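Before any questions on binding or motion, here is one chain by itself as structure tokens, the form predicted alone.
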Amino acid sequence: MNKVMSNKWIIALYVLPALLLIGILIFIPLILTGYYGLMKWDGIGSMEFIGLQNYVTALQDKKFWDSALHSFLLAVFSTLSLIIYLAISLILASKIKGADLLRKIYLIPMLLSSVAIAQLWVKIYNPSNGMLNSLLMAIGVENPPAWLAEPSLVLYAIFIPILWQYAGFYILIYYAALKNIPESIIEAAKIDGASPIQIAYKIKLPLIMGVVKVTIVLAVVGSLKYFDLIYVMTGGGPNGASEVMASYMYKLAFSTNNFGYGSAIGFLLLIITLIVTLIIRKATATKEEIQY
């Protein structure tokens, strides 16, 4: 076996199918998206080469930058919510009663499709007979807002189901990382008189910092390209108040048949995501990794 695996040609033969698949399914579509962004094209007829005009137009497009701001706001809220998910994971990993049941309950949103979650929250936010406004009126709030119709509220109203949808995913990651910490380290800290908060802050958190960094990247990148739930709930409305970069790209390409401009927006979304990912990796890079 060692003789076989030391042969570079055999290693290349094993790796080649996966590389071909990644190239065909990921890299070629990315290159084509950038190429279509150089064209004036409705997605069906002949293409006309117009150089960087679509990209220049996108950089001067107020709607694009508004959608980018909304995507960045979602990324900020998603990153801040990781603190809550981490706190819940610390509690669940501390051997409390009913931890297994609570962990399963937190995972339920992950089992639902984005469309089902969107439909559920549209009913909750219904201004006339929705559960939220019914509760507000029951406690004496007069004229509760129409959550998905108010331009100043709709974006934040949509953030709640998105954060709820992915809570179980991040809690499960943190919980697995915390349970992987050797119990002997925790017991030694207890013998030395460390409190539960000190153990969590000075021992558990540094030991799972590598996992925390990965979840930050996942939360930010996932938020920047988020699309489905927002599109189902509001379609980017009212008047673009909940538009994000991915939904703006979809509208341009498939609703207005401006496929060339939509491709340019999609390629800019890719570049922005790559730049943000590199910044996060640079900001969270450490020279030493704690071993245990």
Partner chain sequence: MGRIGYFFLYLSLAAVAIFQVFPIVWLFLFSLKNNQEIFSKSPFALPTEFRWENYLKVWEGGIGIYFWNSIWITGVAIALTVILASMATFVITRMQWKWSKLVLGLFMIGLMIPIHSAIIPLFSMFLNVNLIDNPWSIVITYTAYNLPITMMILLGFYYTLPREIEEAAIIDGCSVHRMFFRIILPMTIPVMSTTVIINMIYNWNEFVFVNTFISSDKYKTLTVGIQNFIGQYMTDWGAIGATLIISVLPILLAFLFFSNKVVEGISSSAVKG
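Residue numbers count along the first chain shown, from 1. Because the structure is a prediction, the values reported are computed rather than measured.
Form predicted in complex with the partner chain: not shown, discussed below.
Annotated contacts: Y55, S81 and L205 are all free of the partner chain in the predicted bound form [non-hydrogen atom within 4.5 angstroms]. Contact check for Q119: a non-hydrogen atom falls within 4.5 Å of the partner chain in the predicted bound form. The partner chain is not shown here, and in the predicted bound form it never comes within 4.5 Å of any heavy atom of T284.
In the predicted bound form, F64 stays away from the partner chain, with no heavy atom inside 4.5 Å. Proximity of S263 to the partner chain in the predicted bound form falls within the 4.5 Å heavy atom cutoff.
This chain is drawn without the partner chain; in the predicted bound form, the residue among M209, M110, I185, L73 with a heavy atom within 4.5 Å of it is M110. Interface residue among I173, A200, L153, I181, judged by heavy atoms within 4.5 Å of the partner chain in the predicted bound form: I173. Contacts between 119-136 and the partner chain, taken as any heavy atom within 4.5 Å in the predicted bound form, involve Q119, L120, W121, K123, I124, N126, N129, G130, M131, S134, L135.
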